[in-house]
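Just one chain is shown here, as structure tokens, and it is the form predicted alone.
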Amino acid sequence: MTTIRTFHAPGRVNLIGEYTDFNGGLVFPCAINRGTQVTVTEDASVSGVALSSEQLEFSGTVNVAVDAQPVDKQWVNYPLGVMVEFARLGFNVDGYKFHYSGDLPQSAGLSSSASISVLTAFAVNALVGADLSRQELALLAQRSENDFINVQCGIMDQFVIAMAQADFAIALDCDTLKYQQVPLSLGEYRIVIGNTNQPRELKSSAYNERVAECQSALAILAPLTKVEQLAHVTPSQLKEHSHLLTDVVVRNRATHVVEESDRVKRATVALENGALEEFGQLMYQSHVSLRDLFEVSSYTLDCMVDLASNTEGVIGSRMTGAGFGGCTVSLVHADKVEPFIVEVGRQYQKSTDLEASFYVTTATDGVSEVQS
């Protein structure tokens, strides 16, 4: 009898703390109720691994080996890179068919790529009996993106997709991987994701360029502050030494990272204290910093945040994810969610000629096997 197993991984939305993860800073994401599913079938006749998807291009067999190279179809490199990592650990993943499906929009800043990577890692781990922990799987998935696909992402996306719990957000220190599951107590407010439907491409979106700029700032500040990560520089230290960052772009990048990590600290405390208005104001501040200092926003993202900020029932809004298009996240009073979607959608289309999509989400569990 053919063995068929099904696994599911959510996407994620980052409530606050953008571009701090690869700088060793703090982030505050949660998993969302949209995600990716894979059905795996054992088939001894398959030489290599057969990969297919309902939504994405490419359907065929790939060779998984330690020295495997990326293929000329981007999505398939995410599962392939993970499988290469398992091959390097000595596990054979040949003889399986992986079929991917789901309702997570692609190139929208909701971690569709990390969802595929962590999902594949979790599935392969179960199939070959590797017995890696969820945290180890998150690190393996990150490593595959860094090394195989050459996207120098931090650990946030993979970590939350692997470790998330329903009704909680994760306050994560991306340097030490110390984390706290924080109850997402939003009272009468709801998380509404606004998809600008302006697609973004992570690798070509200047992500790696921002990594290099942050590294340049750290090289200047580290000898003076004795820190090993840019996000460990305190706001007072940055103020004292900012004149040494003579390149205004590098100085702006550093300012965002240092202040954004501090915003996460304050936002987490605000949530724990039930100060939702303060949390929302920090979201707005985060967006302004991402727009003006880190320069990863876009006209469509700015438009949607501006519209949200002027809509009744909204206490906070910001871009989420890598930017350059993609999604916003807003905190909207439950009674105003439907009017928010209608009015912001109408004005957004009038301003951009694009039709937005909206997803009202709750915080969900991380990757899991779907029991039949």
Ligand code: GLA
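We number the residues from 1 along the sequence you see. Small disclaimer: the values here were computed from a predicted structure and weren't measured.
The protein also exists as the form predicted together with this ligand; that form is not presented, and the subsequent description refers to it.
Here is the short version: of 189, 207, 100, 96, the single residue with a heavy atom within 4.5 Å of this ligand in the predicted bound form is 207. Interface residue among 217, 169, 156, 282 relative to this ligand in the predicted bound form, by the heavy atom within 4.5 Å criterion: 156.
Stretch 316-324 is the answer when you ask which of 316-324, 65-73, 302-310, 331-339 has residues with heavy atoms within 4.5 Å of this ligand in the predicted bound form. Contact check for residue 348: every heavy atom lies farther than 4.5 Å from this ligand in the predicted bound form. Although the partner is absent here, residue 359 sits far enough away that none of its heavy atoms falls within 4.5 Å of this ligand in the predicted bound form. Contacts of stretch 18-49 with this ligand in the predicted bound form, defined by any heavy atom lying within 4.5 Å, are made by 18, 19, 21, 22, listed in sequence order.
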